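Starting off, we have a lone chain in the form predicted alone, written out as structure tokens.
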Amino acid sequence: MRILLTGASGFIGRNLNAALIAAGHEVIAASRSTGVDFRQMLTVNDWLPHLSGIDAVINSVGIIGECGSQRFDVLHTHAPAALFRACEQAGVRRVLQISALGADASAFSPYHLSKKAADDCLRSLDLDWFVLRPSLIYGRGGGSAELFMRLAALPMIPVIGDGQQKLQPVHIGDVVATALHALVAPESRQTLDIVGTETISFADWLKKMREVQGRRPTPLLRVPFGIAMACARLGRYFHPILQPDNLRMLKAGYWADPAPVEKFLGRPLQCSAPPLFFADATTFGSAS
């Protein structure tokens, strides 16, 4: 297949690009580095020239926090909606949207709401669509995973409150495998939550990250939510993930049943074995 992949330079996009090429697909990578700036791709006509000869589209553009001209409404909603409508007009039937767990009726953050708006647009169109909603993704090269690894390596592990916020981390290899299967699956028009089989607390997740780095156990540093929010208001200027809304989303917690995506893949999702923390999608099979 000849596939237009947007966001090809991001964590998910890079892994998708490598896996698609390894599977024999021709990938047309669309990102700022290839001259496609999502901030300027806001109409159907902007996208139509890029869809000539394309068999499928995967949108993996995403930001975890706004910075400068990188805005949720533009990158998560307006540009993808224009792309999806252009696909309908150009006759590109198979379209995959990489969304996020929590982009549903419970959404309250600008991040989730902007993702949901694009998801809803895609679901309204006459296309063979998939909306894929991963939970927290880990694996080599992931920005959030690398930040959490650094936090886990500190002399004391900082957690919010009691650190019992629930997570269902999923490896980038399982996310990529789901996307590749969605390209050829006969039954389309599906929304799939891609979540790990383990439900683990934030504190235990950081402890596990410390363990896989070969470090000795260390006490938790419990940071009250109000103080964590104050730190995030300052920290957002130093790292995009350190946003107050991201703490609110962590506090809310998101979970889903892994059974539907396991049925879709025809196999169990991977448990978080130590080698997977240092594996990307291309080395996923040998590390699992």
Ligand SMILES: NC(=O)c1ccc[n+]([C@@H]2O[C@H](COP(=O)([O-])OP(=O)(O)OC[C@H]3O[C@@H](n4cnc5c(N)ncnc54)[C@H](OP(=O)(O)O)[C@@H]3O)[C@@H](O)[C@H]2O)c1
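Predicted model, so just to flag it, every value in this text is computed and none were measured. Each residue number is its position in the shown sequence, starting from 1.
Below: the form predicted in complex with the named molecule, not depicted.
Sole residue of Asp55, Asp37, Glu26, Glu262 within 4.5 Å of the named molecule in the model of the complex, by heavy atom
Only one option qualifies, and that one is Asp37.
Which one, Gln190, Ser201, Ser144, Thr197, lies within 4.5 Å of the named molecule in the model of the complex by heavy atoms?
By the 4.5 Å criterion, the partner-contacting residue is Ser144.
Where, among 155-163, 121-129, 203-211, 95-103, do residues come within 4.5 Å of the named molecule in the model of the complex by heavy atom distance?
Residues of 95-103 come within 4.5 Å of the partner.
Under a 4.5 Å heavy atom criterion, is Lys115 part of the interface with the named molecule in the model of the complex?
Heavy-atom contact with the named molecule at 4.5 Å: present for Lys115.
Even though the partner isn't displayed, in the model of the complex is Gly62 close enough to the named molecule, meaning a heavy atom within 4.5 Å?
Yes, contact at 4.5 Å.
Considering non-hydrogen atoms and a 4.5 Å limit, does the named molecule approach Ser9 in the model of the complex?
Within the cut-off, so yes.
Mark Pro134 yes when one of its heavy atoms lies within 4.5 Å of a heavy atom of the named molecule in the model of the complex, and no otherwise.
Result yes; Pro134 sits at the interface with the named molecule in the model of the complex.
Within 4.5 Å of the named molecule in the model of the complex, do Gly13, Ser31 and Leu75 each have at least one heavy atom?
Checked in the model of the complex: all three residues contact the named molecule.
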